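Before any questions on binding or motion, here is one chain by itself as structure tokens, the form predicted on its own.
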Amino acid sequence: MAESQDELSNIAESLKSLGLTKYEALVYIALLKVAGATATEIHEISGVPRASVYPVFDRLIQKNLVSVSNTSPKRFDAMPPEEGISNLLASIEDNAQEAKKVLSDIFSQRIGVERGTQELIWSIYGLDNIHIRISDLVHHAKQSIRIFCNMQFFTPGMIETLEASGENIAIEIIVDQWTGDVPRNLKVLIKKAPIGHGIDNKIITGGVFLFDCKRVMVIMGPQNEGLTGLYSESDGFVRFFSSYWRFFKDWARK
């Protein structure tokens, strides 16, 4: 059954989301309809201008979507959709990983900008987003990590991240309880006291995460609802919560 124009447009848009141009998508779709075709035949089937067909073929060959014969005239054939889409997804994943690596290097080496007396504080909403940011901060810590919070923040993934952070990083944790074995590179103080407080029949919970005495993540919010994280690298913010940490460390030792 022949596809309608709307169906072809939708398929082309889907392929564009995988990194193809409009012409590349139309040529690939046209090639799937025939068992090998010349550039002229694909021009007629796809509606892509004849002058554009050969450059499109070159790009599709590079993307492992099209093969070409050694005959004269050359004939082109499409990779089966299962293989072709897998090749596109693999290329996207490779590009994403490379971009992530380069951007992470840029981020880790960023230079502070003088902003006078302005104290910059960023808000992060939702426990999942907070966990992602904390994991990134743990990964980039060089000297010390100090944490004061309750056990709900210590997912298995976060404990594994802390455990893998390296022997040269001093990790101190004050927590209301601990489940399972304590990794040998973590120093854990357990203080069985309520870290949360009740307001309007809601349990307000929170925590403080200090990284290298340079970066702070403060978490607060209703225990069973969306939490908010406040992140800052400002000197005033860091000094205040460093003092906060020392106070609770002395309290936890009693």
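From a predicted model like this one, the values you see are computed outputs, not experimental measurements. In this text, residue numbers run from 1 along the sequence as written. Just so we're on the same page, rigid core means the largest C-alpha set that superposes within 1.5 Å between forms.
FYI, the form predicted in complex with the DNA isn't displayed, but the following is about it.
Participant: Given the stretches 28 to 36, 212 to 220, 49 to 57, 181 to 189, which is the single one in contact with the DNA in the predicted bound form, using a heavy atom cutoff of 4.5 Å?
Facilitator: So the stretch in question is 49 to 57.
Participant: Is Y23 part of the interface with the DNA in the predicted bound form - any heavy atom within 4.5 Å?
Facilitator: Contact with the DNA, yes.
Participant: With heavy atoms only and a cut-off of 4.5 Å, decide whether Q62 touches the DNA in the predicted bound form.
Facilitator: Close contact is absent here: in the predicted bound form, Q62 is far from the DNA, nothing within 4.5 Å, heavy atoms only.
Participant: Just checking whether S67 would be counted as a contact of the DNA in the predicted bound form - the rule being heavy atoms within 4.5 angstroms.
Facilitator: No, S67 sits far enough from the DNA in the predicted bound form that none of its heavy atoms falls within 4.5 Å.
Participant: Look up in the predicted bound form whether K74 has a non-hydrogen atom within 4.5 angstroms of the DNA, and give yes or no.
Facilitator: The answer is yes: K74 has a heavy atom within 4.5 Å of the DNA.
Participant: Against the rigid core, is the Cα displacement of E41 between the shown form and the other one at least 2 Å?
Facilitator: Yes.
Participant: Does the C-alpha of G236 move 2 Å or more between the shown form and the other one once the rigid core is lined up?
Facilitator: Superposed on the core, G236 moves its C-alpha less than 2 Å between the shown form and the other one.
Participant: Taking the rigid core as the reference frame, tell me whether V56 has a CA displacement of 2 angstroms or more between the shown form and the other one.
Facilitator: True for V56: a C-alpha shift of 2 Å or more.
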